[in-house]
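Here we start with a single chain on its own, the form predicted on its own, put down as structure tokens.
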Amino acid sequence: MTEAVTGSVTALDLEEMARQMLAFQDLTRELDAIIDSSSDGLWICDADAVVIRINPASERINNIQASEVVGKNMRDLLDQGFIDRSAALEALTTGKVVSQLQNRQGRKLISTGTPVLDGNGRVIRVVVSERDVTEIDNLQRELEEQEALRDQFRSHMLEMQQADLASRSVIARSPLMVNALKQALKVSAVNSTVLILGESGVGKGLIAELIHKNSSRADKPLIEINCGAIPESLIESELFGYEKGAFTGAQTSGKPGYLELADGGILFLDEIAELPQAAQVKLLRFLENGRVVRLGGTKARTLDVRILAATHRNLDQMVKDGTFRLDLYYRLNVIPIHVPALRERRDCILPLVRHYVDLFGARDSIRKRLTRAASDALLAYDYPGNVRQLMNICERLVVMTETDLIDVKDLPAEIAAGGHQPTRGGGVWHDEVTLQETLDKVEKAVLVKALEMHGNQVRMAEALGVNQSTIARKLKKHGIA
């Protein structure tokens, strides 16, 4: 009876051992699969630093076969120059996890040695994981080079802008222009959005540069974009940037937009009235939350950019016509600065003429002077092209005048004739000017003349046959101090 019981127990034990053996085999196969499928290289060493096993990833990373190193001691591999440092040996020595950066056959590897301890705290195995970071290092270096090029580009732009601004004198003799410059200097100290208004050629860009030069962002670039010079199909990608593959012909690496390039600085949007409706919506969103999403992307980037905008168009009328968004207009028109036309600041004409005659003369090593008659004729002209036209006239006079003395006969015919060139809104209608624009210009010209003649609002109101509150309202409308 006892023998039967003993035999029965032995059979059960054998069955249990068989089950445990199968479970152990399954676990072994599972561990083998995990080790062999790892993308990181794995080296397993015993307590004497003898290599027990390496996985396929290590064979690939080190360009070796497992049979070449299994059974060899890490100290011998170190002496043979196969490795320059051993995380396994250091982990055995210290009993702690060790990480090392190794150079092996021209490649950079990060090796981490982890000691395996028995129940008594003795090291019985060391597992070393290694990862090839050569490509990551190359990508990091390429990224740093691109960032360096970007910083260099921004630095060059800043230097060029500062040199250009230093070479251009800001000449203001008229109270209207002095007031515009005072406003520009005052808003330089804050980060508010500024809308610069004025006809073409009056110097809106110079006002933007003046604000930038005297702001806390002067050490960052002023990025200028002419909204009317970029095709409508490209304006969004240029302004907001695009991701890789956003559209046919896009750069494979994507491209930052002007807003990203201006991060920390100022973006000057010239001819803002020409901005397409779709881009107006995205610009409005940026002005509201300071975040931009590249074309074809989903990641929002938070930027610190101050916006300056300029236009020669009547945005009020464009809003009424539905061609410019009202909400964007309010966002841009936080601080409006009106730059007066040259005919509205005649005190500036002769100083500007003398400045540019001297400037172009110094450039070409030519010395020129103006006769009194020529000066009077230049002063009497209305300059429909404003300062830009005056600059061109001065350059032509310096280059083309035969003698050192510039006289009336050397002036362009329309100036030498002595009559005032009709202004836009001064009695002659141009087909590209609306009736409201014409009326506004006439009204403004009358107010400026009345202010020069009478000096205050009460006498202006008496002379023009209206009450003083009407004069005050219209002076404010046209930005006349």
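Nothing here was measured: the structure is a model prediction, and the numbers come from that model. When you see a residue number, it is the position in the sequence shown, counting from 1.
Same protein, other form: the form predicted together with a small molecule, not shown, and the subject of what follows.
A heavy atom within 4.5 Å of the small molecule in the model of the complex is found for one listed residue only; from Leu210, Leu261, Leu352, Leu303, this is Leu352. Residue in contact with the small molecule in the model of the complex (any heavy atom within 4.5 Å), chosen from Pro115, Gly257, Gly205, Gly265: Gly205. Figure note: of the listed segments 214-222, 361-369, 382-390, 131-139, the one touching the small molecule in the model of the complex, with heavy atoms no more than 4.5 Å away, is 382-390.
Not displayed here, the small molecule is approached by Tyr356 to within 4.5 Å at the level of heavy atoms in the model of the complex.
The small molecule is not drawn, but in the model of the complex it has a heavy atom within 4.5 Å of Met177. Contact annotation: Leu287 falls outside 4.5 Å of the small molecule in the model of the complex, judged by heavy atom distances.
Shown alone here, Glu271 lies within 4.5 Å of the small molecule in the model of the complex, counting heavy atoms only. Shown here is a form in which the CA atoms of His338 and Glu452 lie at least 3 Å closer together than they do in the model of the complex. In the model of the complex, the Cα positions of Arg346 and Val458 lie at least 3 Å farther from each other than in the form displayed.
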